[in-house]
Ligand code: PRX
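Okay, here we've got a single chain as structure tokens, the form predicted alone, with questions on binding and movement later.
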Amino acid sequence: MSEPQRNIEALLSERRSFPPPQAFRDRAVVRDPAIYETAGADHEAFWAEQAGHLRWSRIWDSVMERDAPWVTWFKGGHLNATVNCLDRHVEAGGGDKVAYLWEGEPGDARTITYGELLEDVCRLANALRSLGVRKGDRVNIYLGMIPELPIAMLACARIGAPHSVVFGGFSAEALRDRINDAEAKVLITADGAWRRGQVVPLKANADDAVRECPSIEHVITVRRCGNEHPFTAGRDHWYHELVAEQPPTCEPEDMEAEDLLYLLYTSGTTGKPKGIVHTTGGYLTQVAATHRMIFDIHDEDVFWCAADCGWVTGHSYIVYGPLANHTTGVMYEGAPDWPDKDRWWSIIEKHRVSILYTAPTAIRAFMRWGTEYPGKHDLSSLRLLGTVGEPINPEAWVWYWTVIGGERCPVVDTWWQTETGAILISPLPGITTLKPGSATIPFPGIAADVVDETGASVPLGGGGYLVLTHPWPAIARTIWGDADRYVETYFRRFGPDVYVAGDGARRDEDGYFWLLGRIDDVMNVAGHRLSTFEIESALVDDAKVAEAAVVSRPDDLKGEAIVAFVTLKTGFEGDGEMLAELREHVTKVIGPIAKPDNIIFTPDLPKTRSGKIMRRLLRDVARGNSLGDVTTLANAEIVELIHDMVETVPTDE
């Protein structure tokens, strides 16, 4: 196989760099670069040191045991996640510290201390036990972003019942499939959730799902929106009535390090969703360590991870990591543009948020809306920014750093996955020089590489497959009920010792990692393997472009042709002049090989309710394929609009 076919060509160049501000460096949690050498020399000793920050009821017999691809961490060790997230802080006198500052979309708000959260968790844990839930029983959670969501997660962890959170934007069918795969015994939901002023009918969806879920014995419903729905006698319970009669203390279940903490379902490219299995000791060790070091957590910080607990980001950096570190967190229920496009900035100003962690998709939306909205608010409390979910375009990175961070806040661009459990590649903000668009280097104790299709390491400057070459504590242990699929998905290509992330990446001359998107999103154009992400970044580099998604379509001459879907900033028209300008701009930034054959200007791009662009649907549109299921989209109507637009766009000859 020729070189251009074997490796992903990395063509986009980014020359800007930003060292840590001296004032930030002086008080950073991690200040000594030697941490990388120390951790690399002895992975097990490094992770054992991080595990030492937790409270264990029994210390482990071994740090790591491996029979590739299978691995165990802290075998023989015993602990409980909620004891580490709540009890030990309260017992040390930290019960009055705020755990969550919660903002409801309609304007209501709650402040919950660590002491109050512990009592709420214990009451629900006792209620679950009263319904017959025991260690090992699975509990499904289908809620909006209300405090009862982390309370439910922690109540399950308290009694050793693995939780399976399903994002509140998913349909009844998606909920049904996840309940049945986990064979959950109890479902916790709400009468509804607020989203852009409308009620999402969670209980109605739950009722539709449970009709086909024989394992469900009880449904617990939180009263949130006040909408009416039927109750089934003997099965349905009001949350507030159930917990009111329970005592505020609950003996925690003593869990082994490898005991299951939770299942979280993630969609595969084919087949049914995968139930990712995360255990207790290694997972909690790594999420606590990465949260503390990457976000430079100090006691006075107010940390806002603007994700949803329905995704792994919320599990790790709204619930388990921040609470393990006794951090004050912000939770917000609704949409970022409700009732207006400055809602986030008003929350940051109100609560003096110091750390904001969000997705590039949200940042690009803010860019499209303009600087006037953040400009209305005092954002001077911010001292650190973070990104998660997908690679961030350099121009979006710089906008975030400039407009939101005031050119004073380091930006930690983080790479990880549902399957990894915790962040794997990221700057340490007190010591890492930042490059816009790069996740920089692996976290201490993480071994990553970029390889070609033979598994050989690609020289610096080249692109290929991102792989992990040594286990880490938070790695998913398997896929629920399907160990063969786990091995096939993550360890087949290069053998049982090498985890294949499914993402493309390149390393620059300094060894910095630049994520290139999913391997599925690599195109073969005239013998050149090109990353769609780099072309998207080049398009967004134009000051008139708010967002772009690039896919391919078959081409008789080149193999694949490049199709770009572009959303312009307010005030600009997608006419022939703009099309020519953007094609020329991509030629200038990357080269003529990356020039789009088609550019379709669209008012929006199809996105999931978590904000990820659905490039699969755009690829189907570009290729004239049937669209399939669009029920998980936040804006399903845009797909038909784009479909009609594509049919009228001529190809470039």
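Treat the numbers as computed from the prediction; the structure is a model and nothing was measured. Superpose the two forms; the largest set of C-alphas matching within 1.5 Å is the rigid core. From 1 onward, residues are counted along the sequence shown.
There is another form of the same protein, the form predicted in complex with the named molecule; it is not shown, and what comes next is about it.
Enquirer: Can you check 409-417, 214-222, 144-152, 236-244 and let me know which stretch has heavy atoms within 4.5 Å of the named molecule in the predicted complex?
Expert: Of the stretches listed, the one contacting the partner is 409-417.
Enquirer: Applying a 4.5 Å heavy atom distance criterion, does Ser354 contact the named molecule in the predicted complex?
Expert: Flag for Ser354 set to no.
Enquirer: Mark Leu515 yes when one of its heavy atoms lies within 4.5 Å of a heavy atom of the named molecule in the predicted complex, and no otherwise.
Expert: Yes, Leu515 is a contact residue.
Enquirer: Can you check whether Val388 is within 4.5 Å of the named molecule in the predicted complex, heavy atom basis?
Expert: Close contact exists here: in the predicted complex, Val388 approaches the named molecule to within 4.5 Å, heavy atoms only.
Enquirer: Determine whether any heavy atom of Ser171 comes within 4.5 Å of a heavy atom of the named molecule in the predicted complex, and answer yes or no.
Expert: Residue-level check for Ser171: no, no contact with the named molecule.
Enquirer: Taking the named molecule in the predicted complex as the reference, which of Asp449, Asp541, Asp120, Asp503 has a non-hydrogen atom within 4.5 Å?
Expert: The residue from Asp449, Asp541, Asp120, Asp503 that makes the contact is Asp503.
Enquirer: Among the candidate residues Val312, Val165, Leu187, Val550, which is the single one with a non-hydrogen atom no more than 4.5 Å from the named molecule in the predicted complex?
Expert: Selected option: Val312.
Enquirer: Classify Glu560 as shifted (yes) or not shifted (no) between the shown form and the other one, where shifted means its C-alpha moves by 2 Å or more with the rigid core superposed.
Expert: Superposed on the core, Glu560 moves its C-alpha 2 Å or more between the shown form and the other one.
Enquirer: Might you say whether the CA atoms of Glu560 and Trp514 end up closer or farther apart in the predicted complex than in this form? Their distance differs by 3 Å or more.
Expert: Their C-alpha distance shrinks by at least 3 Å in the predicted complex.
Enquirer: Say whether the C-alpha atoms of Pro394 and Glu560 sit closer together or farther apart in the predicted complex than in the form shown here, given that their separation changes by 3 Å or more.
Expert: Relative to this form, closer in the predicted complex.
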